[in-house]
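First, one chain by itself in structure tokens, the form predicted on its own.
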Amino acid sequence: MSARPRIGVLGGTFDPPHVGHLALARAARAALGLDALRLIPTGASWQKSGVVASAAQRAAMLQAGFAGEPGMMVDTRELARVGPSYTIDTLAELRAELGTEAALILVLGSDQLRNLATWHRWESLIGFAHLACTQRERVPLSGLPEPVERLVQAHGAQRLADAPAGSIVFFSMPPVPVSSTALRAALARGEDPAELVAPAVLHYIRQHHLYRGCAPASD
């Protein structure tokens, strides 16, 4: 067993954070043997528009929803970034801060993996971190777009290599049927879907009257 620290990175809009995000974070930490997992809310996303909650509100909900989760911390660096927010920049910053020896592991759902070739400098990600992917909802991991499949063929491994970066692995998580779009739609109708968000997050949403009466943006 390597003594090299393993630091996971899980990004997203978290608008709002829900039980699917929590299940993914827990599964990644257990399956990958992570020493820590950084939850990074996206700042000015260049691929998504119509984010409803403000940056401060998304960060506050994330803090509330993951409070007490071992080894997990909210990292708000992208919220402070001016202009479009790119994952490659975040990984470069983390690598500079953590040094050359720590293993960085970028946690991805199957939807993100399928879309990877549209990311800014996507082929450079593997130089800064390992990629750890899991199936989310009904988005398959098979039949990947050809550029992504080539990357998987070149760097795929049965387990994380004892290295700072460079491998692509897959892990399992329990199915959690929750859609951010459907969740926001329910909240916009005035519903309180307590089974889909942590109690502290639902309390924050109620307290700040978030999502009520708004046209929910699609993911």
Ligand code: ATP
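If you're wondering where the values come from, they're calculated on a predicted model, not measured in any experiment. Residue numbers run from 1 along the displayed sequence.
Separately, the form predicted together with the ligand exists; it is not shown, and the next lines address it.
- Taking the partner from the other structure, the ligand in the predicted bound form has no heavy atom within 4.5 Å of any heavy atom of residue 130.
- Using a 4.5 Å cutoff between non-hydrogen atoms, residue 108 counts as a contact of the ligand in the predicted bound form.
- Using a 4.5 angstroms limit between non-hydrogen atoms, residue 172 is distant from the ligand in the predicted bound form.
- Not displayed here, the ligand is kept clear of residue 205 by more than 4.5 Å at the level of heavy atoms in the predicted bound form.
- The stretch among 65-73, 159-167, 172-180, 188-196 whose residues place heavy atoms within 4.5 Å of the ligand in the predicted bound form is 172-180.
- In the predicted bound form, no residue of 70-105 lies within 4.5 Å of the ligand by any heavy atom.
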